[in-house]
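So this first bit is one chain, no partners, the form predicted on its own, shown in structure tokens.
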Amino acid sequence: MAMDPIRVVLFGLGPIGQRIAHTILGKRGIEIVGAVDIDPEKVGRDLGEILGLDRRLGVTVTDDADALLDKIGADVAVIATTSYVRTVYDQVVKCIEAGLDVVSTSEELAYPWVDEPQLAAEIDGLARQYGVTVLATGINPGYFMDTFPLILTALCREVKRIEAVRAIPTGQRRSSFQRKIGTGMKPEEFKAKLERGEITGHVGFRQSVALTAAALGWTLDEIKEYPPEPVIAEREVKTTYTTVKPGQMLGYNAVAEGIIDGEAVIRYKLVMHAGVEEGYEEYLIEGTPTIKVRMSEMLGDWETAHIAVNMIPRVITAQPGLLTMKDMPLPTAVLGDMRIFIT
């Protein structure tokens, strides 16, 4: 194929960013040409070393994004740094102004008009000005609680209500994730940390609800996101992070709803705790016809990396602006050379 490989700059080499890097390295027609991270333990090292490879990749990690973008020619940036629009904004703008398309795993950016309409408008306008595309995606938001249930509705003549439950066994997840959901904490400690902003609930819940409604043409009266409900251990449970004693938290349940005329037309629930023995994803589309689907569990970290990478060629060929998954072609795996999707 005569076309040059797709050239990618990575922003963020945490757990998700490293999985994205590994996924790209396993693909044809795409290459990593730059990597940015603020961790002093990573800066100055070869990316191959950070990824635990037995070879150097010739890509030195830097904390100076401006200098990197000035000296390299790239096609797309993949940003896996932060969940929030306000904190990812400057990184996105840098990439736009450098003429790069952007794929991000920022949860709020998946549908930023919910909480950050002004910043969303600025990103959209700037992307259109520079002729590039910005998309945020991932396992959730980005797929399990918006894109996938929307795909199911294509079978329906009418839809009255959508429900989804995602149950995740958390005892084997990375320690940072277990801390975030309160594993091993007393309920009062967890609630205090939530109030102080030291930990968060599930970021992206409101965005998934809003994206679903927008794709169906529903105008919601409000989105209700309920406080996470602690799940308390009745017996000792060992996880890879800690040993949870009776009376401490295994994790939590969380719910978000989209309301029309006092009724929840969208209801998404997350069950995330170390007491879940077998995870699953479950969907109910109430309509004509009514559809029920239950799937086996997917933990999400690798799948977030996979969908972010699979969307790269589609983002490159998409119209300019800040887009969401409802604006994109049907997402699929990219099994061959990634350049075949670019025309």
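Please read all numbers here as calculations on a predicted model, not as lab measurements. Start at 1 with the first residue shown and count on from there.
Here the subject shifts to the form predicted in complex with another copy of the chain, a form of this protein not shown in this document.
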**Asked** Taking T147, K292 and M328 as the candidate spot, are all three within 4.5 angstroms of another copy of the chain in the predicted complex by heavy atoms?
**Response** yes
**Item:** Which of 150-158, 219-227, 182-190, 246-254 lines the interface with another copy of the chain in the predicted complex (heavy atom within 4.5 Å)
**Value:** 150-158
**Prompt:** Any of the heavy atoms of D39 lying within 4.5 Å of another copy of the chain in the predicted complex?
**Reply:** no
**Message:** Whether I340 contacts another copy of the chain in the predicted complex should be assessed with a 4.5 Å heavy atom distance threshold; does it?
**Reply:** yes
**Message:** Is A74 near another copy of the chain? Define near as a heavy atom within 4.5 Å, in the predicted complex.
**Reply:** no
**Prompt:** So, in the predicted complex, is L69 in contact with another copy of the chain at a 4.5 angstroms heavy atom limit?
**Reply:** no
**Request:** Heavy atom within 4.5 Å of another copy of the chain in the predicted complex: which of L119, V271, A127, I139 fits that? Just give me the one.
**Result:** I139
**Asked** Ok, V43, A318, M298, L57: which has a heavy atom sitting within 4.5 Å of another copy of the chain in the predicted complex?
**Response** M298
